[in-house]
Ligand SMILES: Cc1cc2nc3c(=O)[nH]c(=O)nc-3n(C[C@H](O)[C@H](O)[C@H](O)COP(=O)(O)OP(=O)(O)OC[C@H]3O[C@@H](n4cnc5c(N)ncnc54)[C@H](O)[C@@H]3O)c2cc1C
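Shown below, as structure tokens, is a lone chain in the form predicted alone; questions about how it binds or moves come after it.
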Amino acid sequence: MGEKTKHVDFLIVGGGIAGTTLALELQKLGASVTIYDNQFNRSSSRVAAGLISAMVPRNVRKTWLSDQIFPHVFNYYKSFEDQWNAHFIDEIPTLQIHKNLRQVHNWTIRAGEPGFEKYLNINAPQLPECMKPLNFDCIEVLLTGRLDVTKFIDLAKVHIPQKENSFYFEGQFYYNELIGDSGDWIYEEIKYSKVVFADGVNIHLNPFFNYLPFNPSGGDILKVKIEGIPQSHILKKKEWLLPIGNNEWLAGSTYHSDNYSTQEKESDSDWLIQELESWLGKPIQLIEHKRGVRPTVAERRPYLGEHPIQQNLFVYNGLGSKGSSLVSVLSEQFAQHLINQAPLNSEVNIEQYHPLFFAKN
């Protein structure tokens, strides 16, 4: 490398949705970045369906930060579509199908409450006639959609190194080869002012931040083909179907608690297809089955912040199944914190876990 490449502002370990969007936000502020990514094709970002929704069906409530995220999230990704002359974000409404009269009541009540009018349409279109007749109706959930996460990350991988003194390296990152040097950090002969670990489930291998509590969870995503169902909406009961065109859908989801396995099991895909067919009333053809692992946090709040002892080492992790939405707000905020010392949201700041670190050390 040339002499001018001996120092880079930020090293980001992990090229998933968190590390990628943080790198892009740091570059907007004029910083140089290097991403190291192991290109694990079963990472949560690579397997994720990219489902975007502001509503949590359980208790019929809005997701955390929903009023900040929606509809901002769609404009956030569309800005990159414009820059890169590409397409990877779609806003698609959801038909939330009720299972019983209590759900009908709960969703109807919520739709009439202040603050929910932009998310719920009580005058939703009826279920398609071609679907099996159901006992109960549905409601239309607005501001939902899908990010093609893999396409977005692959395009970012091309554009990030185009900025001066920025790089994207594919391969294994070795934590024990990161060397502190008077406040800076050196890795493979490049000096960095700050290091951010956005290493997803690999955080359990991270000697700096493996004290943070995680409950990894596996999940299966299917690509399926279903003939004769309109693809105008995402369809959701407990399981969901996300249209991707040409009568093909992504289907989920399953949940395997405290499990790092990425090995698919035929019994999982069989179970999911059976559940979907029971309320869809159409035969489902399996095209592809993938299983990934999410870096799930029990408190359902991501981890952001600086190491309690090691200066200029940071973490950005634990986004879970809402990562595609959350990064549209959190990555910009974290970039401002890293460069301009802007305060972090107290709910995500890992300072609250510092006593846990000292207790373990």
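Treat the numbers as computed from the prediction; the structure is a model and nothing was measured. Residues carry their position along the shown sequence, with the first being 1.
Beyond the structure shown, there is the form predicted together with this ligand, which is absent from this document and is the topic of what follows.
Novice: Can all three of N38, N202 and G219 be found with a heavy atom no more than 4.5 Å from this ligand in the model of the complex?
Specialist: Yes.
Novice: To verify the annotation, which of these, N210, S232, S79, Q172, has a non-hydrogen atom within 4.5 Å of this ligand in the model of the complex?
Specialist: Contact with this ligand in the model of the complex is made by Q172 alone.
Novice: Which of N215, N165, S193, S253 has a heavy atom within 4.5 Å of this ligand in the model of the complex?
Specialist: That would be S253.
Novice: Does Q27 reach this ligand in the model of the complex, with heavy atoms at most 4.5 Å apart?
Specialist: Judged by the heavy-atom cut-off of 4.5 Å, Q27 is well away from this ligand in the model of the complex.
Novice: I'd like to know if P57 sits close to this ligand in the model of the complex, meaning any non-hydrogen atom pair within 4.5 angstroms.
Specialist: Taking the distances in the model of the complex, the answer for P57 is no, it never comes within 4.5 Å of this ligand.
Novice: Could you confirm whether K322 comes within 4.5 Å of this ligand in the model of the complex, counting heavy atoms only?
Specialist: Residue-level check for K322: yes, a contact with this ligand.
Novice: Residue-level question: is G50 within 4.5 Å of this ligand in the model of the complex, judged on heavy atoms?
Specialist: Because a heavy atom of G50 falls inside 4.5 Å of this ligand in the model of the complex, the answer is yes.
Novice: Based on heavy atom distances of 4.5 Å or less, which listed stretch (193-201, 113-121, 68-76, 280-288) is in contact with this ligand in the model of the complex?
Specialist: Residues of 193-201 come within 4.5 Å of the partner.
Novice: Which residues, if any, of 12-36 lie within 4.5 Å of this ligand in the model of the complex when only heavy atoms count?
Specialist: Counting only heavy atoms within 4.5 Å of this ligand in the model of the complex, the contacting residues of 12-36 are V13, G14, G15, G16, I17, A18, G19, Y36.
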